[in-house]
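Only one chain comes next, encoded as structure tokens, the form predicted on its own.
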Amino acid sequence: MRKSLFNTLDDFCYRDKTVILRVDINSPLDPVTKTIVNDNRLDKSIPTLKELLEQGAKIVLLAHQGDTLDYHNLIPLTEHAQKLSKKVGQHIDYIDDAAGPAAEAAVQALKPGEAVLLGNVRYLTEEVSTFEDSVSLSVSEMAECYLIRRLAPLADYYVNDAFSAAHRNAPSMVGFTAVLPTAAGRQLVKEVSALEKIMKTPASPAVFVLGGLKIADAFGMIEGVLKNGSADSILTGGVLGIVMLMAGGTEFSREQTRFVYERGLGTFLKPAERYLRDYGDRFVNPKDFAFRDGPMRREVDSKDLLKACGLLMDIGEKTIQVYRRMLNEAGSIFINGPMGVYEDPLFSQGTKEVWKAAADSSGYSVVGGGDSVNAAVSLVDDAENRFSYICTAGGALVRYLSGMELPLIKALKEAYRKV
């Protein structure tokens, strides 16, 4: 009896077949040069791509870079194709056309064991997040979308290996599942397996480390993982730690309080109060913080935060010691959100030490989310091998751990039932 709820690469034979392979290689870019500064998602896409090439498939790669909400990152995928070529050990052609005549011709010209990366799918209206927010399409209705109508007749199979975009109800993500035999790629299966282990069968004590500035992500998962028992303890840092302490009655400086409210984060105080009331013994909040005093780093106890001059930029040494001890004793660890402004060497200590403690722990450790992954790669030596798993997902990860059914996972399950 099979355990998987959807088809995997093992379920089909791809030799001499045309395969549409949806990957997520959306990468952080240098704001000035627009060049890729982190290859993590590109690296994660290689196993499935390489396996299909070795099987003699004709591969049509679909991917995105940027969106309407980060238009500055909406660029052609030329460099992505160059990097993929180098990593896979053979030339991957690039056509700056997502589904038009040039794309069709490139697909039809493919020979077994060759691949082409088509143009950025986010150049298509049907693929941008604002379209998804405004127009709600079912999977079957997506069969009439431009991308599906143009490419599906040219292909034999559809493979999705883009778990990090699994929360997107877009044609390139779920539309092909309605019209082509569909399988999940190796990376997607790994991502789901790692998160299932954290969410459904965590070894105790299960410790979640949540921080960062985008605290909506944390608030999207906190209640779910506490209610279902995925987390025995939540260690907070970053702005999340500040908001949780505020909700508990801790007084902060006028500047820090203004920062929270001006960024619209005051709306999280009420739910934070409720979490503390219902699950207070499972939160461990910072004991101290660090702030900038001229060129120096200074630390202040959480009981004396009115003495802090300026914004709080990192957790302090007392907190690091508490968190290190708890992580050392943890059976499973999940990390999402840095402890402070880790990009500044003066305030990277908290994130670096907590991440290193998680990496050194004998517990099963998962790091997820863009900033968390960047911090792991930049601050922890040999991070890929020291953490049990580094997840490429951000928004999809949060929604998955919140217990929400993701559009891609639902579509893959439906596609499995059809075959």
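This one's a predicted model, so the numbers in the text were calculated from it and none came from an experiment. Each residue number is its position in the shown sequence, starting from 1.
The next section is about a form of this same protein that is not shown, the form predicted together with a small molecule.
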Is residue 371 a contact residue for the small molecule in the predicted complex, using a 4.5 Å heavy atom cut-off?
yes
Classify residue 342 as contacting or not contacting the small molecule in the predicted complex by the rule of any non-hydrogen atom within 4.5 angstroms, answering yes or no.
yes
Using a 4.5 Å heavy atom cut-off, state whether residue 336 contacts the small molecule in the predicted complex.
yes
4.5 Å heavy atom contact, residue 313 to the small molecule in the predicted complex
yes
Option from 150 to 158, 92 to 100, 109 to 117, 207 to 215 whose residues, in the predicted complex, bring a heavy atom within 4.5 Å of the small molecule:
207 to 215
Heavy atom within 4.5 Å of the small molecule in the predicted complex, from candidates 185, 202, 238, 171, belongs to 238
Which listed residue (327, 77, 166, 242) meets the criterion of a heavy atom within 4.5 Å of the small molecule in the predicted complex?
242
